[in-house]
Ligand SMILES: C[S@@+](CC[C@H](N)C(=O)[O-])C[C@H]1O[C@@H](n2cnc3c(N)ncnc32)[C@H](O)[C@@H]1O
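Single chain ahead, written as structure tokens, the form predicted alone.
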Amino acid sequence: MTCRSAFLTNSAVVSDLFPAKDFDHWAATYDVQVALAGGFPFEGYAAVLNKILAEADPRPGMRVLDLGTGTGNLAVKFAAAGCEPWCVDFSLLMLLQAKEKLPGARCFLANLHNPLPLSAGKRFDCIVSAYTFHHFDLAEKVELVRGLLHRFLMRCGRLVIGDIAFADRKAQEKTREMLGESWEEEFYWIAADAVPALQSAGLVVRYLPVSFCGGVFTIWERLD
């Protein structure tokens, strides 16, 4: 039995600007690097995770879907609060790190560009994600969020996303200029653009900045 066979997978092949192998190489050192990191892109990393937890309002017995779980740092917090974490990542080696921390968690090897390998009708009290959605452009973000809320979230549940985020384009440009050649171009959240786009899709959104390059979006469906 290979390690890969220990996880349910979605097997479709997609073109991806951020291949899983890049994150496989990072798995062994990820926790140390984010713990020691200062400045862009992980300024406020621990505070972002804690804010996701607070916004999710965890309670014992809640079923929580963690998208892009990585090494399981966010899922561990929900498990400690008595929740039942379901962990999804597209890097096998990252997911194995998460499984070591959370032996009882359900883990799924999946790329979010593809349908999630979850049984039909499976619903979660809360869906969370940390440092994953900046791999999708704004249109993809909105489409993915709408699909997740419609297919996997309990009524009155919420989706909480913490990620690399800037208040507006001016704030992003300031950071780009500061970093110079060290800047890496990805689909970072611009709250001034993302919040209206999500609202136009019929969603309620609350954005909470945490650091100059990190913030948390809490999203739910309008029920009126």
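Quick caveat: nothing in here was measured; it's all calculated off a predicted structure. We number the residues from 1 along the sequence you see.
Form predicted together with the named molecule: not shown, discussed below.
Put simply, residue 136 is close to the named molecule in the predicted bound form: some heavy atom of it is within 4.5 Å. Under a 4.5 angstroms non-hydrogen atom cutoff, the named molecule in the predicted bound form has residue 45 among its neighbouring residues.
Contact annotation for residue 113: at least one heavy atom lies within 4.5 Å of the named molecule in the predicted bound form. At the 4.5 Å threshold, heavy atoms of residue 56 stay clear of the named molecule in the predicted bound form, well away from it. Listed stretches are 191 to 199, 65 to 73, 169 to 177, 153 to 161; the contact stretch with the named molecule in the predicted bound form is 65 to 73, by a heavy atom cutoff of 4.5 Å. Checked against the named molecule in the predicted bound form, the candidates 126, 94, 145, 83 yield a single residue with a heavy atom inside 4.5 Å, and that residue is 94. Shown here without the named molecule, the chain has 130, 131, 132, 135, 136 in 128 to 160 lying with a heavy atom within 4.5 Å of that partner in the predicted bound form.
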